[in-house]
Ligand SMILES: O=C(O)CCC(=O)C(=O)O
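Only one chain comes next, encoded as structure tokens, the form predicted alone.
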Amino acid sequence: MAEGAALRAVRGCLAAFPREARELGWPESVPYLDRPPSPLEFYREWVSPNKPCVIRNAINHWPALEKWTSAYLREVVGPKVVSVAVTPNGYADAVFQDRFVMPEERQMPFMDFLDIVEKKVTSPNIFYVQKQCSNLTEEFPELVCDVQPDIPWMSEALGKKPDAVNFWVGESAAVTSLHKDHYENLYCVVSGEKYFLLHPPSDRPFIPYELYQPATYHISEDGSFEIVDEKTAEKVPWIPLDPLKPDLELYPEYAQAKPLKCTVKAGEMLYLPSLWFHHVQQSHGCIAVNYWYDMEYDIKYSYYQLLDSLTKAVKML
């Protein structure tokens, strides 16, 4: 009886914590700033309290905003072979058929990829330039001079340079499933729009995680996809829930979560704090660059780890 009462008390605390955190600290919508902040202001108002914001007029000076047309990209990158994620459904690194399925990483000329995005060539599959690990500097160095190697006021605020600078472009059907990163993330939209659904770290008790066999999409001889297990790899913890159409019968706790939604337009930048859960969609052909700055593994990280561990422990009982 005492153990049952204690477990109910812990469940109650975990359910109450996200609501209290929301009332005390999180905004009801993502704020928009009309100018980039000073390093001190940015750290004090946004990084330290771990709050997102959209920043306007921060990348107006980038040549990319005017130069990165299809014609320019074809001229500068065109025949170069690059890595493209290909899936049958637009979901890369996502749960499908009880597997955590990674995309086929296809090597192809960038101009061929552009032909597909521009519908000059039809394909039943979904193509997305999304390889991370600083793919802008590693695979597209021809474009680096059109942006910045880092965001100076962010680098000064954090006292470090970004770990990676990533280049993203793809079809509107390409969707990033709900997940979190251990980075302070600046997401800059060059053309088109990005649509973000965000959850603060305190929503962890409402967000399900399960372990999945990792697998990869492989194209078969007839052009269809098959899912091939990565048999030697350990199981991957991932979020099975689609926040756009959540199955509340399977995951009733998610009904208590209150996600924030925001649209980031061309010329705007989203500051996505570390440990925030995010789900991303985009307009067709949207081009973006994001900067990953490693987070500080400080008391905020320790608090999140405690919350994560307690949530997992309660679900096991």
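Position 1 is the first residue in the sequence shown; the rest follow in order. The shown structure was predicted, so the numbers you read here are calculated from the model rather than taken from an experiment.
Below, we turn to the form predicted in complex with the named molecule, even though it does not appear here.
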Give me the residue from His179, Lys119, Lys231, Lys235 that has a heavy atom within 4.5 Å of the named molecule in the predicted bound form. His179
Interface check vs the named molecule in the predicted bound form: of Trp292, Trp26, Phe42, Trp68, the one with a heavy atom inside 4.5 Å is Trp292
Stretch from 276-284, 55-63, 245-253, 33-41 whose residues place a heavy atom within 4.5 Å of the named molecule in the predicted bound form: 276-284
Does any part of Tyr187 reach within 4.5 Å of the named molecule in the predicted bound form? Heavy atoms only, please. yes
When the contact criterion is heavy atoms within 4.5 Å, does His199 count as touching the named molecule in the predicted bound form? no
Classify Lys194 as contacting or not contacting the named molecule in the predicted bound form by the rule of any non-hydrogen atom within 4.5 angstroms, answering yes or no. yes
Report yes if any heavy atom of Phe100 sits within 4.5 Å of a heavy atom of the named molecule in the predicted bound form; otherwise report no. no
Neighbours of the named molecule in the predicted bound form among 128-158 [non-hydrogen atom within 4.5 angstroms]: Tyr128
